[in-house]
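Heads up, the chain below is alone and in the form predicted alone; it's given as structure tokens.
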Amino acid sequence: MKNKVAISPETDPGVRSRIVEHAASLSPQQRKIADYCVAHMQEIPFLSVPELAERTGASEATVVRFCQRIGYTGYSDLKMALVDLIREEMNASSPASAGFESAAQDKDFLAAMARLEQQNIERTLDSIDRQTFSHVAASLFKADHIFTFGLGISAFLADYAAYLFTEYGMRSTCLATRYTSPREQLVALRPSDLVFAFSFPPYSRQTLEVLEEVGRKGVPTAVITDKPTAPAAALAKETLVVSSHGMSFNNATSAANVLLNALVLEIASRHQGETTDAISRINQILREQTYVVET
């Protein structure tokens, strides 16, 4: 194998150019990967090697060899290059995007991350279906018990959601991950309950199994995910889509946090008596336990 020449960010021709340059020398399987990468640039940073291999019908080893063939050290290197490309192309005409680009180029990552999260929130606000939003809020309040679930970054969101729902007077539990399978905890699930799941790339098979199990029981389900074509969306009764683009292959969560807080506020505005009583009682408990210091 020829020694690779180090390419600096300033002289890097870019992912698309590299693929075009090496297209003639790629094997048929590698060409399928190349075609998929060009057609799904924004999706690749959130896929693992096995997931990309499955979607292109190639082996995991072929995915790695493809990355090396077009000049990257491996799949992680390719993903980071795609993140940079997506960042450069992201709504270049918008003022928020211009601020993001400027901050990123100046290596002010605090400002860049803030701009990117601002874009995520604005995209979510522009695209989310308000009727579905209201239906989900109504279903959450109607449920006897809400069970939240997610793995990875979604586990954090599931735990936060359970906390918010409890604070507003709704019975809520985050399904634990200490069991052999999360499905073990669904044995006592009732038709009047609701399972509220979070699913972001890389999508967890266990989350899909939970939704399938709940669906077989006829229990209502709702999911927050990153796109309407996500696997979890096909299994849930109601789906809320948020933008979760991050600066690396991790998902950003600000838009999901905004959505969760908006849901509980929607519930509180429609059911003021019940939620106000719950909030007042929780504040009283906190004062009694001296967790809250008066100023």
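Residue indices: 1-based, along the sequence shown. Computed from a prediction, not measured in an experiment: that's the story for all the values here. Between two forms, the rigid core is the largest collection of C-alphas that superpose within 1.5 Å.
Quick note: we don't show the form predicted in complex with the DNA, though the next part is all about it.
Put simply, Glu238 is far from the DNA in the predicted bound form: not one heavy atom of it is within 4.5 Å.
Residue contact check for Lys79: one or more of its heavy atoms lie within 4.5 Å of the DNA in the predicted bound form.
In the predicted bound form, no heavy atom of Pro191 sits within 4.5 Å of the DNA. Residue contact check for Ala58: one or more of its heavy atoms lie within 4.5 Å of the DNA in the predicted bound form.
Taken together, the three residues Thr62, Gln68 and Tyr75 all lie with some non-hydrogen atom within 4.5 angstroms of the DNA in the predicted bound form. A single residue from the set Gln42, Ser27, Thr229, Ser269 has any heavy atom within 4.5 angstroms of the DNA in the predicted bound form; that residue is Ser27.
Comment: the DNA is not present in this chain, but in the predicted bound form one of Val258, Val49, Ala233, Val264 has a heavy atom within 4.5 Å of it, namely Val49. Of the residues in 194-219, none comes within 4.5 Å of the DNA in the predicted bound form through any heavy atom. Remark: with the core as the superposition reference, the CA shift of Lys79 between this form and the one not shown reaches 2 Å or more. Taking 2 Å as the criterion, Thr239 does not count as shifted between this form and the one not shown: its C-alpha moves by less than this amount when the rigid core is aligned. A shift of at least 3 angstroms pushes the Cα atoms of Ile121 and Glu51 further from each other in the predicted bound form than in the displayed structure.
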